[in-house]
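Next up is one chain by itself, shown in structure tokens, the form predicted alone.
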Amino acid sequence: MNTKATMIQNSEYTISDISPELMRGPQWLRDLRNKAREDFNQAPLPRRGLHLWRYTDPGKFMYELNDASDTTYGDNYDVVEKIERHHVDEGTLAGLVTDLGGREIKRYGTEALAEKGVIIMPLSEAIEKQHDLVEKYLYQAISSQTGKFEAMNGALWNDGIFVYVPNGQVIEQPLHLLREAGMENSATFPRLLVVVGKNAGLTLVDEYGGGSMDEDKGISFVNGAVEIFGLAESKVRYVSLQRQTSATNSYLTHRAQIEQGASMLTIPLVFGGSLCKQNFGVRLNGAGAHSDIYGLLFGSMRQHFDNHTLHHHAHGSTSSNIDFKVVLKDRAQSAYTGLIRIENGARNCEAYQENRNLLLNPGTKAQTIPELEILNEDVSCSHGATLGSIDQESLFYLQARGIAKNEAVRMIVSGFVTTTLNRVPVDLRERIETFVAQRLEGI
């Protein structure tokens, strides 16, 4: 969906039962959409200051939808699309899918994948052609029970992307999704459903761009949902790149479920927007399942970020690791909450969690809250957090060798983020390094 939208100042807004999105799809989908609408309307706005809303005003993700509009998109979209289509032609990408606010979804270079049984198509098309597969998984990881804003997406998404990799099929090159938000006073609801079969493999780059450039003209709103299912012995790598524009309020929930022997690598890269709240979670559902989350956030100006990570060990003999790095300059703010939950019957689990924050100047602010919910004693689990400025001894060491202060700071920050950047697919890494370099300018 991509409609006119305005922010409202209270929680009285409700989704109308005549919203056109509620009427789309077969009856089972319409029932789920209407359930999401009812749950959204009945759920109170999360109370400010409680748990995951300690540092962010939930009211800023509430917006009233007006008549549908022909929302335009920024010029940068065409530039990025051209770059990625070139990567497809070169063979460094397995394929490209572009999504203009859920209104226009196109595929490039996916014909060879289709010959291998890989399904990549708009979610609306998959609901018709892959009914049993989609109905089995859609809304199973993210539903109206996940939260009020997840219910909003569940009711109002217009169209999304569906990816299925059959058993035993390994896609060697990354598949790139390029999703563009509308400009001022628009609301988009991107949705993604991914199913990776047994002994199959997939690397997915999920890029979010666009939005309003001028808050005085109006804010862009984005409310996204990503569901990923990795079956037994599968290997999934998921990179989320958020580079939205400076007057965009963005809310994203990601949930993955992996089965016996499966592995999941999640790399959240967070650079854009004015206000951004993201929730990344993985449920480890079978023995031998392993999940890594390696995040990198770079904030500047007055950007406000709020990130939550979750590793839910629902089965024994599973392992996980979280390393989330934050770099802030100017008056940017970051809040990070990370939860490790290990169920009572999930014995012999290993879980680690670390959040490191680097503050480049006075005026920045970072909050970090690591959380453990361990319901049995047969585990190995630890967490840690650091928060501080540039190490003055390291800075002095570099300056004493003739390196200018600004360049020395850039070198220290580069070293801080290098381990995360090295885990990004090669075709994307150069652009990410450019984003980092741009934010270091003027130091």
Partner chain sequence: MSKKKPLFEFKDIHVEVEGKEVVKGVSLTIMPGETHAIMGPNGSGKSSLSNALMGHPSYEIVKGEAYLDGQNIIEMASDERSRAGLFLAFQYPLAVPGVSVANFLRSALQSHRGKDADMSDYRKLLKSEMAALSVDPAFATRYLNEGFSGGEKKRVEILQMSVLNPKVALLDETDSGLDIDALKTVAEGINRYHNADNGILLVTHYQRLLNYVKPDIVHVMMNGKFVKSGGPELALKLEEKGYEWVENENNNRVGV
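Residue numbers count along the first chain shown, from 1. Just so it is clear, the structure is predicted and the values come from calculations on it, not from any experiment.
If you look for the form predicted together with its partner chain, you will not find it shown, but the lines that follow are about it.
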| item | value |
| --- | --- |
| Heavy atom within 4.5 Å of its partner chain in the predicted bound form - residue from T418, S380, Q27, Q42 | T418 |
| In the predicted bound form, the one of A385, I403, I374, L52 near its partner chain [non-hydrogen atom within 4.5 angstroms] | I403 |
| Proximity to its partner chain in the predicted bound form (heavy atom, within 4.5 Å), stretch among 55 to 63, 389 to 397, 29 to 37, 42 to 50 | 389 to 397 |
| Proximity of T434 to its partner chain in the predicted bound form, heavy atoms at 4.5 Å | no |
| N422, heavy atom within 4.5 angstroms of its partner chain in the predicted bound form | yes |
| Cα distance between N422 and E90, which in the predicted bound form differs by 3 Å or more from this form, closer or farther | farther |
| Note on V424-E350 C-alpha separation in the predicted bound form, which departs from the shown form by 3 angstroms or more | closer |
